[in-house]
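Single chain ahead, written as structure tokens, the form predicted on its own.
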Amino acid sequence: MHDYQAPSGLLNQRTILVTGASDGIGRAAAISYAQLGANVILLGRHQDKLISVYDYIEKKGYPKPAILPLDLAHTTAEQLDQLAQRLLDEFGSLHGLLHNAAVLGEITPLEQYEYGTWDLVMATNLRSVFLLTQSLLPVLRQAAAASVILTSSSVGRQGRPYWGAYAVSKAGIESLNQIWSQELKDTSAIRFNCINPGATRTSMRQYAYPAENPETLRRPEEILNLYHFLMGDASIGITGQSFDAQPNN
């Protein structure tokens, strides 16, 4: 599946929501989904960056996307329920959901971790994933076979010193993936899977490893095969799994 080559039109007539679509992997994935025919909903905190992605997609002649400026760290369940109803009214169904939005927080010992930063990381990386997924389930159920992709990390599988709230939040993502997939596998056609992107040339990676040469890392556009596979019909029946986008990384 890491060598998967998405056929042209793989996602024709499908609606896919991508969180954290402003930058990095989220931006690259959203553009590639649009290129494959999807109607992409771009969700992110920075409207100006979302507009930039929108303009790029439109200029390329891909299906016209939608923009959804939203700070997931500070949304309520009620606001997300309203969002779900809006998507249901406008699109009728949701075929895919890529949870990509995340913040790093601090690289520091837990003993010194700042409370406010802890809450921000957990709200963005974990709480919002739970709430948004819960709210969108009725919309996802309207699709014949919807796919939800959650973004994990190696530090979520094995705790690493100094990675604090980020590692804890990603461990929670792994658990959410397992629970959602098991709870819904017999009552819906929605599948859940995790992707660990690995070392990728993003601003978050640069912040975490400031001395690292970014030229040694793969760009987001170079790791999307798995994102295409899991969003397309070839992955129907695969659920509750956690994959590495760069297995040899």
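Remember, predicted model here, so these are calculated numbers, not experimental data. Numbering starts at 1 and runs along the sequence shown.
The same protein also exists as the form predicted together with a small molecule; that form is not shown, yet it is the one meant from here on.
Participant: If contact means a heavy atom within 4.5 Å, which one of 33-41, 178-186, 59-67, 204-212 is the stretch that engages the small molecule in the model of the complex?
Facilitator: Of the options, only 204-212 has residues within 4.5 Å of the partner.
Participant: Give a yes/no on whether E174 approaches the small molecule to within 4.5 Å in the model of the complex, heavy atoms considered.
Facilitator: No, no contact at 4.5 Å.
Participant: Within 4.5 Å, heavy atoms only: does T15 come near the small molecule in the model of the complex?
Facilitator: It does not: once the small molecule is placed as it appears in the model of the complex, T15 has no heavy atom within 4.5 Å of it.
Participant: Residue-level question: is I25 within 4.5 Å of the small molecule in the model of the complex, judged on heavy atoms?
Facilitator: Looking in the model of the complex, residue contacts with the small molecule include I25, since a heavy atom lies within 4.5 Å.
Participant: Determine whether any heavy atom of S153 comes within 4.5 Å of a heavy atom of the small molecule in the model of the complex, and answer yes or no.
Facilitator: Answer yes; at least one heavy atom of S153 falls within 4.5 Å of the small molecule in the model of the complex.
Participant: Would Y166, P197 and T200 all count as contacting the small molecule in the model of the complex, using a 4.5 Å heavy atom cut-off?
Facilitator: The answer is yes: all three residues contact the partner (heavy atom, 4.5 Å cut-off).
Participant: Among M122, L72, L83, L131, which has at least one heavy atom within 4.5 Å of the small molecule in the model of the complex?
Facilitator: By the 4.5 Å heavy-atom cutoff, the listed residue in contact is L72.
Participant: Tell me, out of L126, L87, A143, V103, which residue has a non-hydrogen atom within 4.5 angstroms of the small molecule in the model of the complex.
Facilitator: The residue from L126, L87, A143, V103 that makes the contact is V103.
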